[in-house]
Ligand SMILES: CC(C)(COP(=O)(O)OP(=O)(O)OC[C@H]1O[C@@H](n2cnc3c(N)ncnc32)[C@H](O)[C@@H]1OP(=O)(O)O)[C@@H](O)C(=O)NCCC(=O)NCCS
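Next up: a single chain in structure tokens, the form predicted alone.
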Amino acid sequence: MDVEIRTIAEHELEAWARANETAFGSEPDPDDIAREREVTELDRAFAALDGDEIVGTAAAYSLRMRVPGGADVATAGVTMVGVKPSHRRRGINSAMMRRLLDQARERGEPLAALFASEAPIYGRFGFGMATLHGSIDLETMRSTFVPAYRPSGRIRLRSLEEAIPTLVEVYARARVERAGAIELDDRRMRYALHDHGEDRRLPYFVAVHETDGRADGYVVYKVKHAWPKGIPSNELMVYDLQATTPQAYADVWRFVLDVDLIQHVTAWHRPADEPLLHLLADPRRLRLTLRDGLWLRLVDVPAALEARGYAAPGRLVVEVRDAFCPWNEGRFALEVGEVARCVRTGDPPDLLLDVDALAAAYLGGVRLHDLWRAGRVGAAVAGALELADRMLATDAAPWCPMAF
């Protein structure tokens, strides 16, 4: 492969962003370029160059992700990965992933994470499917809530720009109980809510729920209009919906489902344990479907295991296989008491697994027992799987609501 991999300079950012859009069969407009300038970290933005032409792109954002136990852990948010059609199957993507993960290790980031355009690409680099995301498509005429629901609070409509500080504040409180959620400031919230494709020109609407004068929930949405034969058949598309209490959560969803002239409500990037399922009198109408969400990579196995909290004490010896990041190969003793300690050991293993399987279970959304049933985990000691699942368990399904 006669291609140079290096970071880009400021003056190369537009060509770099255009190369990424070309890889996805699209073309950026000036607003897209301006957005990328706001968030791109040049020392983490890599280009593959064939002569003077940028033929591949990859980057990472310096993020902090909530993990079980409540810590926010430094995470390389992998993004902008693409190779032009003229240069595929030449090892360019592998070379860029090599640079990204080496850099994450140098920067002391225990984790790397991404949202995959094509899921099969990233397992070979040690990423495991750590969360599931739900999609819904609900007819508003079939959205009656269970009798126990009682409305409360009030809803205020706000412009998106006016509401950004409120969204950030409510999001920060709502994500406390959700492993997988990343920290957001005003800049990152704006970026997370930007749109691509044919719907990007549709206006955003924001509704903020208040209880006793304090914001405790919100929804960001767009409306796609359809009026066949003059009959309103519009679609309300939920881009983000967060709440800090169950009551506010129910009230915001009720507002969404009661907007006039809407035939059906759609949403994606919802949690796998979406509570709306239990609010509906007819839950089948939610049409909830699950697919892969966040893909996680343990860049530093012992540091990552020490960073999270555990639901039960115990000791496990885990033998990890990691061909792409061989510094993670070997056996590690994880001992959890008042704190978690993870060190290399020569003791016989309780569990044997590849690093992508360990990453899949890390946030608590995938049980090791289920991976064992799929043939992806070996149990050398009786009871080890049961102990591991007790230790790694979480109350809520992990969820990263904001793509990056």
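Note that this is a predicted model, so its numbers are computed, not measured. Start at 1 and count along the sequence shown; that's the residue number.
What comes next is about the form predicted together with the ligand, which is not displayed.
Consider S117 of the chain shown here, and say whether it contacts the ligand in the model of the complex, taking contact as heavy atoms within 4.5 Å.
-> Close contact exists here: in the model of the complex, S117 approaches the ligand to within 4.5 Å, heavy atoms only.
Is R124 one of the residues lying within 4.5 Å of the ligand in the model of the complex, judged by heavy atom distances?
-> Yes - in the model of the complex, heavy atoms of R124 and the ligand come within 4.5 Å of each other.
Answer for V81 alone: is it within 4.5 Å of the ligand in the model of the complex, judged on heavy atom distances?
-> It does: once the ligand is placed as it appears in the model of the complex, V81 has a heavy atom within 4.5 Å of it.
Hey, in the model of the complex, is A388 touching the ligand, heavy atoms inside 4.5 Å?
-> Answer no; every heavy atom of A388 is more than 4.5 Å from the ligand in the model of the complex.
Choose from 232 to 240, 82 to 90, 177 to 185, 260 to 268 the stretch whose residues reach within 4.5 Å of the ligand in the model of the complex, heavy atoms counted.
-> Only one stretch passes the 4.5 Å heavy-atom test: 82 to 90.
Which listed residue (L392, A23, A384, A17) meets the criterion of a heavy atom within 4.5 Å of the ligand in the model of the complex?
-> In short, A23.
Considering S159, S152, S94, T144, which brings a non-hydrogen atom within 4.5 Å of the ligand in the model of the complex?
-> Contact check passes for S94.
From first to last in sequence, which residues of 279 to 306 have any non-hydrogen atom within 4.5 angstroms of the ligand in the model of the complex?
-> Contacting residues: none.
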